[in-house]
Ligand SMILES: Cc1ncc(COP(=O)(O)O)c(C=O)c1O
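In the form predicted on its own, a lone chain appears below as structure tokens.
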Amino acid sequence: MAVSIQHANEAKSNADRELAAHFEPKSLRTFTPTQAVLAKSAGVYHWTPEGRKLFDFSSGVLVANLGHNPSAWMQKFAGYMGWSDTPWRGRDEYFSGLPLTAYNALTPIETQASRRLAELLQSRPGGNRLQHVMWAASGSEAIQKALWAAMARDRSRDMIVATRFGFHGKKGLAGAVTGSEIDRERDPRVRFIGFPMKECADVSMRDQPFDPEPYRLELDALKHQFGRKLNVLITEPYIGGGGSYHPHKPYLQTLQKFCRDNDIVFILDEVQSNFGRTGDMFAFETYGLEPDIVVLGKGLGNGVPVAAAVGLTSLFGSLDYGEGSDTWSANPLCCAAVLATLDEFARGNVLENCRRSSAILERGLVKLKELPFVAQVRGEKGGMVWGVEMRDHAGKSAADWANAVVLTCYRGEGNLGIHLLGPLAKKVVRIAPPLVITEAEAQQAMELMYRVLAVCV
């Protein structure tokens, strides 16, 4: 049995941690020094069973972009499901409403969600190619389906190009294009190319000149080696799980041009960056791209598990009946969540609020570099995701400092703390609150973070 993490003055939380350790394997979750137990959530806050209030600086891994349990979203969600208090024809053991599952059948809510999502994407700069929606139950599953579609267009072209140190999933082809060639035994069809990490190691480097030529030469070498065998290239707009690296626009545009020039499908994995994280609705807008397929997830359902690959009709038409199906895709529950999310963004103030609060958060994060154990801050200007990288200091490793930051912020001051996930790449702490965090909340959170971390020096 795994040993549970325990914290002083958290009897109720500690009991839940012990139960989890007794009945669940530790592999079910990633490591974090806090293992927070969340009793309830609202807006940008969580509460522990002991009543401690925590700023949510993870959004459940960039999922709750609209905050937790927003009332307008919840009302829309229930309305789309058709839930009511009226039993069905006197049968008090049933309520009327849409089915929770509709495998191999259509519901009006599915077709409505597909139409509205495709129309939204096509209305954005760079969304011209995003025509057909292939639903999935998770981001990695949607990646898998996007790759299947790309490979099916010409089954004699079986080579996949992926950018190094991205995270696309843990299973199947999604796992095969994750990380780099040295991580594990790889699918022989996958080849990796460099991602500019040194060139985008801190927000201070945003305006520095960037030369994409080395990356273009790397692509040309692959073309020389494999020629027409190259079929598809997949990348994230920014590296997320690998340490939060946000590239200059010419890098991604170089990848896209290579794909266009060589009839290679360009897949942009926006599972974690969609719906506002880069300051625009979609990251392809931020970076001036026009992907053949974009993969969406996380914030798409604001907490309900749903994902989608959206792309050229001709690509998805390469798959026959059943080749992209599964039990949970396009179920009414997910489609209702997507429609409620689209409604909230259509109200027009989410991105504007995000950009205002973003400036406050970034100033506060940059100020953390005054602390000797903070090395770099990376993120999107006007967006709502950053990585704060630690350095070795005072006999402690960068990894130790990263864990200390997570734990110190959780403990906070008195009844108020900050919830963070375990470090990325062992030494990078991700900052990603809901987009709806107000300017006042952002200021309060950053002041709290600086005060508690300054004591660590």
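Please read all numbers here as calculations on a predicted model, not as lab measurements. In case it trips you up, residue 1 is the first one in the sequence shown, and so on.
Form predicted together with this ligand: not shown, discussed below.
For the marked spot (196, 246 and 378), a heavy atom within 4.5 Å of this ligand in the predicted bound form is absent from each of the three residues. Interface residue among 97, 279, 364, 169, judged by heavy atoms within 4.5 Å of this ligand in the predicted bound form: 169.
Listed residues 236, 292, 110, 344 were compared with this ligand in the predicted bound form; 236 is the one with a heavy atom within 4.5 Å.
In the predicted bound form, this ligand lies farther than 4.5 Å from every heavy atom of residue 149. In the predicted bound form, no heavy atom of residue 131 sits within 4.5 Å of this ligand. This ligand is not shown here, and in the predicted bound form it never comes within 4.5 Å of any heavy atom of residue 163. Proximity of residue 357 to this ligand in the predicted bound form: non-hydrogen atoms within 4.5 Å are absent; the residue sits far from the partner. Residues within 4.5 angstroms of this ligand in the predicted bound form, judged by any non-hydrogen atom, belong to 134 to 142 and to none of the other stretches in 67 to 75, 134 to 142, 249 to 257, 149 to 157.
Applying a 4.5 Å heavy atom cutoff to this ligand in the predicted bound form picks out no residue from 187 to 206.
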